[in-house]
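Shown below, as structure tokens, is a lone chain in the form predicted on its own; questions about how it binds or moves come after it.
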Amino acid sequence: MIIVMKADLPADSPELEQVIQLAEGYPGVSTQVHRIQGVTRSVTEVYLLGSTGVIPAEPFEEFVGVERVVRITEKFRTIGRHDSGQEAIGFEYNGVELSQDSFHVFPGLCAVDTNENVDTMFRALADRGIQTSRAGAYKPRTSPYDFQGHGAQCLPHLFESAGKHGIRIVSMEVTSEIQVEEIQQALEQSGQATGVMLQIGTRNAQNFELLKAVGQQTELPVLFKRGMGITLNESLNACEYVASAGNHRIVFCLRGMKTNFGDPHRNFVDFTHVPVIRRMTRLPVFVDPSHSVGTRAVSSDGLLDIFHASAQGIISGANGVLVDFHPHPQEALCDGPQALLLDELEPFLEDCRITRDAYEQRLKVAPRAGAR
């Protein structure tokens, strides 16, 4: 059971204390208080843990400070939507809104290689008004002999360049708690020149200690990539680890499933799950077509498969797209064969705009096409 307090009620309000006292008066019931910072308002939610099935909702609904009582219908206590009235957890970070209503493209380097390529990439984004990007400093690889990223040493220039070109968020993978600390220190030393969204890669989807670590810090939001070989429920439970540790600023990202059924693509594209996740959870949903498709293959219509995969996610309601670009893909130290060229940036962005517009037009059909 979740007791949703009225918006902007102070954390030390007597109304909240009364709700907690009543809840903990029931045998075997404990409480957890979660502060949800949304895009437009802050909401305090009180989670009742234990045998709550027999607890009546009416005594809580009588409190002036209570907005509503929600019966948990799914096991995802924090990220789950639970009923149609449970609002999505949108948030604003460094001036950028990330929610189930927003849409952003995050083009960038899969892995940082040279300062020149970083500057060129960010300049190209700035020229087109893009304020969000991806850039990997830490790169877990299948082979121990492959390029593992430059690590902390590339962060000062990366953050300086991002700030200079007006990049407000850089999505960056981390594989250990120490890397989170290195990023926080480098951001502080840069004067908070930009913002970082910590990315949990598919290989760490069930690294529970890492999930708890990024959840325990609330300074930086988290982008969680679905595990390549686990079920959707298992991936959502992994997100619950992050949220239950205290960080509710989470984005869920689909990046394809590891199976030969997806051949000749690198992974089986799973973007039809975009509306499923939006329905089951309150999280913004991104897609990563680069790591799903994994090649620069061109369809018979002249469009790259990556364009088509991106459109599949966007037309289904995706709130963002992570996509690999590189000034010189043939020289890239990681995933060069799937990187788009800078000459393709403008047409890619235009295709995304066209598809997003089509999705928004589709929403006008919803009142006549929904379940009755």
Ligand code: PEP
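From a predicted model like this one, the values you see are computed outputs, not experimental measurements. Numbering starts at 1 and follows the sequence shown.
Keep in mind the form predicted in complex with the named molecule is missing from the figure; the text below concerns it.
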In the model of the complex, segment of 98 to 106, 284 to 292, 186 to 194, 114 to 122 with a heavy atom within 4.5 Å of the named molecule
284 to 292
Using a 4.5 Å cut on heavy atoms, which of 161, 78, 179, 202 is close to the named molecule in the model of the complex?
202
Of the residues 212, 139, 296, 273, which one places a heavy atom within 4.5 Å of the named molecule in the model of the complex?
139
With the partner left out here, if you bring back the named molecule in the model of the complex, are 6, 15 and 68 all within 4.5 Å of it by some heavy atom?
no
Do residue 134 and the named molecule share at least one heavy atom pair within 4.5 Å in the model of the complex?
yes
Mark residue 130 yes when one of its heavy atoms lies within 4.5 Å of a heavy atom of the named molecule in the model of the complex, and no otherwise.
no
Residue-level contact is defined here as any heavy atom of the residue lying within 4.5 Å of the named molecule in the model of the complex; does residue 248 satisfy this criterion?
no
Using a 4.5 Å heavy atom cut-off, state whether residue 110 contacts the named molecule in the model of the complex.
yes
At 4.5 Å, heavy atom to heavy atom, what parts of 170 to 187 sit next to the named molecule in the model of the complex? List them in sequence order, or say none.
173
